[in-house]
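First comes one chain, alone, set out as structure tokens in the form predicted alone.
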Amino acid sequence: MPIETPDPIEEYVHILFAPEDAALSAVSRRQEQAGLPAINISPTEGKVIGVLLRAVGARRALEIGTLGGYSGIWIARALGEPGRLVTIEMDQRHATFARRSFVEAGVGDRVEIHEGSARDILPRLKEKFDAVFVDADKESYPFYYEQGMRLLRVGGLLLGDNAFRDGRVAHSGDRAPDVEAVREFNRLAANDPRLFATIIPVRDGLLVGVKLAD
């Protein structure tokens, strides 16, 4: 099912549990005005991520794919103080946009943006994170999986957006590179003995896994 299809159940959850404040709603509005892609996570997904981060007591998180900063705001707020979010964005214009978003949301002091290709930046990172959120170019998802698992502490969360790829992962005849890459990301998570994982059917599918061992 396309993620644009209205879902009354998710809308109910959104209104009751995940209402947007002014800072969050401003991100989507400013993205549209600036001509940035309108591909943010939904408020409901943001709240699910926030609940999961709080459940594991996350204080250090890595996000692969910043865009306008919408998902990063949800993550940074869930980390609390003295939490720290490291987020990677390839497009300099997007990174500049996101910095404003983080400041306006009151989390600018706990977010560090790395500008450049995640394929170049990730192998250079050495620190361990409590959570890794993947939401970038889909063709690189298998690479992001391996790097995310390397950087994740035992007991930490691996999170992957668009695990359903607009429902296309369920259609065996769809062999598009982006769909195949997301399928591989899902297969890796399902079959990795180091990870206890599933997909939560919120919006376009949120893969969630707990790292059991290095």
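Computed from a predicted structure; not experimentally measured. Position 1 is the first residue in the sequence shown; the rest follow in order.
Another form, the form predicted in complex with a small molecule, is not on view; read the next lines as being about it.
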Problem - 4.5 angstroms heavy atom contact with the small molecule in the model of the complex for V86 - result: no
Handout entry: Heavy atom of G116 within 4.5 Å of the small molecule in the model of the complex
Key = yes
Exercise for the section: Report whether the minimum heavy atom distance between T44 and the small molecule in the model of the complex is within 4.5 Å. Expected result: no
Exercise for the section: With heavy atoms only and a cut-off of 4.5 Å, decide whether R110 touches the small molecule in the model of the complex. Expected result: no
Fill in the blank from the handout: Answer among 184-192, 59-67, 169-177, 148-156 for heavy atoms within 4.5 Å of the small molecule in the model of the complex: the stretch 59-67
